[in-house]
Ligand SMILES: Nc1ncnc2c1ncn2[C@@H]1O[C@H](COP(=O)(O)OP(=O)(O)O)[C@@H](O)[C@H]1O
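Take a look at this single chain in structure tokens; it is the form predicted on its own.
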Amino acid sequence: MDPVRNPYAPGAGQRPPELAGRDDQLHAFDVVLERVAKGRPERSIILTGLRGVGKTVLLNALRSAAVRAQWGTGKLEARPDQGLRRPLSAALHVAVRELGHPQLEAVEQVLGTIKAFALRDSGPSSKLRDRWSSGIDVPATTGRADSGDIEIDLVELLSDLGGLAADLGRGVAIFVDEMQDLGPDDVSALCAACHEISQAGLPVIVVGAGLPHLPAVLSASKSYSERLFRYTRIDRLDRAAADTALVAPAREEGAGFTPEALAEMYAVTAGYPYFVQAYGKVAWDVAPTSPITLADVRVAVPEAEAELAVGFFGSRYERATPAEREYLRAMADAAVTRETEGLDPVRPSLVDTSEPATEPDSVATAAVAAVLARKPQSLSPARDALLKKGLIYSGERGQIAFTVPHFGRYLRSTA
């Protein structure tokens, strides 16, 4: 089949040709946009899930919906080594431009507040390479969002921004990807600001996306965060949605899949959106003609897994030190359960089963220590380092899990 016409897109954050299985989230967000614009109370939104389930894709789709509603939008990606002020200021600068407020004086006042908020992050003694260029051609406001207390400053900044949007009967949406990587002070400030603007009825919402432990990060910062946000778990696709993600793009190109091929695709991908795109792309390339058959999929599986082993899995594994890799492999061994026993650890799809094999959600740290015949306390440095690198997460005390689906299977297959 013509590789130029291959419709599948296994890229990081790249929107697939068919955004299947996310209609409920898109519809709910449209309701939020309308309610907030009309002054109705609504909570900000948090999307959580493993890597590869399409959080960034959905975040971008929600932003597109806000743009269509003529909202002001800005997006940033949190990083462990960067504070919130500069990236948020750049994002809010974009949001102000998108609002298109007709009164220049009001716009310049808010831009001055954004500039003051950003510049408070870098004093006059900062090195030249660390100084931030805002691109804002108005003087920084004095006495507004420049106290140096991130919580106070953020409340003042978003209050000014919300007032600007309210003048137009629209709103502002701030999209934060990898939200779990925000520093403790920034998380606390963002929660406090969301709380204040919600109480004031201002049309500003935050839409955050992050790993499954993000709710615990927010809760540890502010106890009321459990009521402050609407939490949505983004998970793997069910069988119908996974089939749609494959069939709809192929149909647009005059191609298709046999029922047996679709069943095998769901078995090998377990419905994870990134894997659906990755395996679908290779299956298209190896298939001589349409429809793509079970035999074509089985030829494609080793090639797709080889690509994933280098890029999706291997690049993450290479970031770990020898001690951390030992811990990861012990996690993989501890994760073997009755559901995965007896299956081929490399390609469980070749076993006749109606449901795809998946890893358990988490394993006990004590079980990992038992695999290594070590005391749990002695493994704390490796575990903490892996948590900071985002390779594992802890959803509850004494439990850990991989942030990447099928990572345990990959480790066992390369042992």
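Start at 1 with the first residue shown and count on from there. None of these values were measured; they are calculated from a predicted model.
Heads up, the form predicted together with the ligand isn't pictured, but that's what we're talking about next.
Heavy atoms within 4.5 Å of the ligand in the model of the complex are found in one stretch of 54 to 62, 33 to 41, 380 to 388, 363 to 371, which is 54 to 62. Checked against the ligand in the model of the complex, the residues Tyr274, Trp284, Trp71, Phe117 give one hit for a heavy atom within 4.5 Å, which is Tyr274.
Here is the short version: of Leu190, Leu88, Ala245, Ala165, the single residue with a heavy atom within 4.5 Å of the ligand in the model of the complex is Ala245. The closest non-hydrogen atom of Ala20 lies within 4.5 Å of the ligand in the model of the complex. Taking the partner from elsewhere, Gln14 is found to have a heavy atom lying within 4.5 Å of the ligand in the model of the complex.
Using a 4.5 angstroms threshold between heavy atoms, Leu50 counts as touching the ligand in the model of the complex. The closest non-hydrogen atom of Leu237 lies within 4.5 Å of the ligand in the model of the complex.
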